[in-house]
Ligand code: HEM
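Next comes just one chain, in structure tokens: the form predicted on its own.
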């Protein structure tokens, strides 16, 4: 089994599994964040649960971090390797004519998403670690001791229009990345052509709706803070 994951096919299969895992996390992340638009209280409750429940913090969060690092490192490795292999092929038969721009430039959308993740960690994850483990505020309450801090912190981040624009651009790149990523992941996972057509419809809908939803959240809070 270890030999399989060291092979080219095995790496692509593992890449597909990490992609599916991250897409599931993205869906869960969106489901919580969209609550901030409709019910700040529900958003606070869900955020507090995710930020304090032991299984999330000490089991799922390390898995998520590993999944993100693996997906980006392996993605860049495979893209650079494939790009080098395509140079000769394209010179011979103009292979670029048979592939989409996005499929040939996944590394650039990946870099844009990676830059966004750094910004996102600076905006939310690092302050969260500081609040819980340095300041010692594990309760998630504001100074008044009665209301949770999560909603106010979220809204505060989207006051700055430059940050909102950065988020919008990042999610446009994420949408483009997902458009090709879904198809590539299904192919690597060995999905049959009949099922693949149906799953690709779902994949395209996901690649548009979820990033668009995050864009809506950022813009909504910018104009309603």
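Residue numbers count along the first chain shown, from 1. The shown structure was predicted, so the numbers you read here are calculated from the model rather than taken from an experiment.
There is another form of the same protein, the form predicted together with protoporphyrin IX containing FE; it is not shown, and what comes next is about it.
- Residues 154, 158 and 214 are all found to lie within 4.5 Å of protoporphyrin IX containing FE in the predicted complex, as judged by heavy atom distances.
- When contacts are judged by a 4.5 Å heavy atom cut-off, residue 174 counts as touching protoporphyrin IX containing FE in the predicted complex.
- Protoporphyrin IX containing FE is not drawn, but in the predicted complex it has a heavy atom within 4.5 Å of residue 26.
- For the chain shown alone, residue 35 is not a contact residue for protoporphyrin IX containing FE in the predicted complex, no non-hydrogen atom being within 4.5 angstroms.
- The closest non-hydrogen atom of residue 108 lies beyond 4.5 Å of protoporphyrin IX containing FE in the predicted complex.
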